[in-house]
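Here you get one chain, nothing else, as structure tokens; it is the form predicted alone.
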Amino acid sequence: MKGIVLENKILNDKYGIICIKSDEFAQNAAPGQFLMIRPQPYDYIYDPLLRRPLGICDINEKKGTFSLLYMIVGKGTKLLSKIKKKTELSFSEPLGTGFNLTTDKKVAIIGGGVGIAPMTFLSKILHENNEVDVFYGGAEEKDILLTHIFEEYSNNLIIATEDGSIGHKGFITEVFENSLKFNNYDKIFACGPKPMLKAVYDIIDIEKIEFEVSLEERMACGIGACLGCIISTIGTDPNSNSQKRCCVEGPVFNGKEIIWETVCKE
């Protein structure tokens, strides 16, 4: 697929957000899916060779646009941050398995760092038919982004930063654990650093609360051929593990099926 860049905004020295026009993509994407994007517009240049996986941050079906939040950490994302308006970019169709959406439930969305990207789209969809609380954590204030979306598409937005520069001081999982004393959530959705996801798993009563996580893994192809994004899950035989591809069977998984001890070591 190809689309035209409508805007590429640098939010701070760590993050940027790019908006792309593509009616076909916007009509087919679901919350939790991702794409593989070529971070520069020239087909004859193969540096970097591989496309970059990015979660879908938002969709506007009426306008035929979608947006991607990215962290500027390597060559690919640095190139992406320099893309100008009206540039044509190449990217894949929506990939992976998205979230299983709920209706008439009380849900909590937990996100950390750049893992908040797919949660903005998710919050927008869930808020139509559910009561939604959003727990958003980061290391410092510059890690807290797009709060205006959560303020519009949630019942409550709770923020925490490790240095206390905005919101509660500490880990967002600590705030979430305290919230469980006063709220009975039907389902938890989470995306972010693996230690954060495991902490949520350890906090909740996994037998009573549904728990879906979107895992961030290094992906080379995005279609399951390279086997570079394998994670360990509980197999049909309780005594054996099952290997699943994050790009095909995921990136969204049932949290209680993940073998967190192995995933957090990978």
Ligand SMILES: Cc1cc2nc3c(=O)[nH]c(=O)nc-3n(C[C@H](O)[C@H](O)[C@H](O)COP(=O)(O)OP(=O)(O)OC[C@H]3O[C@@H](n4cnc5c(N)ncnc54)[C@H](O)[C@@H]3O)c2cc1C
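Quick caveat: nothing in here was measured; it's all calculated off a predicted structure. We number the residues from 1 along the sequence you see.
One more form of this protein exists, namely the form predicted together with the ligand; it is left out here, but the text below deals with it.
Heavy atoms within 4.5 Å of the ligand in the predicted bound form are found in one stretch of 127 to 135, 81 to 89, 114 to 122, 98 to 106, which is 114 to 122. The three marked residues, Phe34, Pro53 and Glu216, each reach the ligand in the predicted bound form, with a heavy atom inside 4.5 Å. Contact check for Tyr70: a heavy atom falls within 4.5 Å of the ligand in the predicted bound form. Although the partner is absent here, His148 lies well away from the ligand in the predicted bound form, with no heavy atom inside 4.5 Å.
Though the partner is left out of this view, Gly192 does not reach within 4.5 Å of the ligand in the predicted bound form, counting heavy atoms only. Among residues of the shown chain, Lys75 is one whose heavy atoms approach the ligand to within 4.5 Å in the predicted bound form.
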